[in-house]
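Take a look at this single chain, the form predicted on its own, given in structure tokens.
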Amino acid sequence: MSTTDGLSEADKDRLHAEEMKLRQAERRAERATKKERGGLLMVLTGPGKGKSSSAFGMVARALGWDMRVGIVQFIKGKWQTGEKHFFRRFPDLVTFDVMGEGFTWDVQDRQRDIAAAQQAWRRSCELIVDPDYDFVLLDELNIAIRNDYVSIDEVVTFLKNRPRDKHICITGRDARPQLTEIADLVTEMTLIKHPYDAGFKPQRGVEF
């Protein structure tokens, strides 16, 4: 039985207002204890869909504040995507480098994949140390690390010494524990249902 059962709508409104006033005071007090500012290292991982989509949402948010953004895609290859078409409309604010060769089962050349990933990592380092960039997205870097195309030790060492005023977001499933340990934010996407399993082809505007 609800504690508001039997009360008039006016009494319910009054109790609600009092509860929200207390909650507001609690939130303001909590927020007052947060003093840190600066760049965040963020990792979006897990088997569920939405890692890159979430990251590109942050890119859009950064652009809303006129921040300069660098994007490096490690795996996607040269195929056309909605995000590539959209963010290349902002050449003064977005640098968009597609460095991957595509899916490994399409390329079928491990050394070529390794060379592409190494080149993408070098480009990533350039963007991260460049003071002109405020936000750097390393899309699918976790996959390159998982496949041993890029050294996790090298990545962690570099990121530990990164400029502290820059936001960095790394996507891809199977993020290594060494990376999540040093990150400021880690989100794991959980797969519950996917249309591909029901026979749907990847849909333009949703998956690419």
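A residue's number is simply how far along the shown sequence it sits, counting from 1. Being a predicted model, the structure only gives us computed values, none of them experimental.
Another form, the form predicted in complex with another copy of the chain, is not on view; read the next lines as being about it.
Exercise. With the cut-off set at 4.5 Å between non-hydrogen atoms, does F158 touch another copy of the chain in the predicted bound form?
Worked result: It does not: once another copy of the chain is placed as it appears in the predicted bound form, F158 has no heavy atom within 4.5 Å of it.
Exercise. So in the predicted bound form, does any heavy atom of E30 sit within 4.5 Å of another copy of the chain?
Worked result: E30 belongs to the contact set for another copy of the chain.
For this session: Indicate whether another copy of the chain has at least one heavy atom within 4.5 Å of a heavy atom of T81 in the predicted bound form.
Result: T81: contacts another copy of the chain in the predicted bound form.
Exercise. Is L40 close enough to touch another copy of the chain in the predicted bound form, meaning at least one heavy atom pair within 4.5 Å?
Worked result: Residue-level check for L40: yes, a contact with another copy of the chain.
For this session: Go through 135-172 residue by residue and record those having a heavy atom within 4.5 Å of another copy of the chain in the predicted bound form; state none if no residue qualifies.
Result: Heavy-atom contacts within 4.5 Å come from F135, Y149, H167.
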